[in-house]
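Next up: just one chain, as structure tokens, the form predicted on its own.
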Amino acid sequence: MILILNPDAGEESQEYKQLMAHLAAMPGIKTRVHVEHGTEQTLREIHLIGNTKALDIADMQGLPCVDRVVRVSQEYRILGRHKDDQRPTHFEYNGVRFGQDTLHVFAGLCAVDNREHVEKMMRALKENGQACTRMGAYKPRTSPYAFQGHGKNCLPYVFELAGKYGIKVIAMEITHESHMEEIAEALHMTGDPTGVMLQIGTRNTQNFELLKIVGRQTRMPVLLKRGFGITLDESLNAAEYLASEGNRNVVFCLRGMKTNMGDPHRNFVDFAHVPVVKRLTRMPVCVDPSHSVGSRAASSDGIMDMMHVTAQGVLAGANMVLVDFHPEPSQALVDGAQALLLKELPYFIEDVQIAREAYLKRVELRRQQS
């Protein structure tokens, strides 16, 4: 059970103290307080853990400074979409709104290779009206001999160029807690010209200690990729690890499942799970066509498979697209074979918009039938 408190219920208020004293006296019930810091107000939720089935909602509603009561109906206590739960399904970060009703394209370099290519990418994004990108500074690789990324050495110029070209949010994978510190230090050193969405890759979806550490920081939102060899439920619980430690600003990313059933694609495309994740949770949902398909192959209609699967995800209601572009794919240090060309960026954006408009028309058609 979740008690959502009045916005003015501060920790020092007499009503709040009375409420906490009452809850502490309840046998078999433990409490966990979650604080949500908004731009205008701070909201508090108290999660009751234990035998809450016997608790009457009306009685709990009448307790001091309680605004609403939500009975937990999903395994995902914090991020789950519970029955009669009207809590928001969006968050804002660095001026960008992320929700189950928005759509953002994060086109960029899978791995940062040099300043020239970063600047070309940033310039192309600005020219096409984009404010978000992906930039890989830390790259976990299957082979220990493969390029692992430039790490902290590239962060200053990546952030400076993002500020120069008006990029507000950069999705950047991390693999160790020290990477968070390096990113925060580089942002501070360059005057905080942009924002970073920390990305947890598919290999680290069940790195529970990393999830806990990342969840304890609430400055930067998190993009969690589905684990490619585990169930959807296990991946959603990984997201819950982040939220249980304090960071609820989580975007869930579908990136394909590792199985030869998806051949000849790199992974089995799982974008049919977009509406499933939106039904089960309050998280915005991202699709990653680049790592799902893994090539620039095209069908007989001339449209690349990567474009087709992107459209499938957007038609299903995706809220974010994470996609690889590169100014010179033949020179890319990681995944150049699947990278789209800069000249294809306006085409990609327009194709995504066509799919988005079709999705919105489908939503409106459904509303007319209600």
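Everything numeric here is computed off the predicted structure, so don't read it as measured data. Quick note: we count residues from 1 along the sequence shown, nothing fancier.
This protein has a second form, the form predicted together with a small molecule, left out of what is shown; the following refers to that one.
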Pick the stretch from 243 to 251, 75 to 83, 193 to 201, 180 to 188 whose residues have a heavy atom within 4.5 Å of the small molecule in the predicted bound form. 193 to 201
Of V287, A107, C110, V214, which one comes within 4.5 Å of the small molecule in the predicted bound form, counting heavy atoms only? C110
Just one of H291, H150, H265, H117 has a heavy atom within 4.5 angstroms of the small molecule in the predicted bound form, so which one? H291
Residues K139, E173 and L322 are flagged as a possible site; in the predicted bound form, is every one of them within 4.5 Å of the small molecule by some non-hydrogen atom? yes
Quick one: is R255 in contact with the small molecule in the predicted bound form, heavy atoms, 4.5 Å cut-off? yes
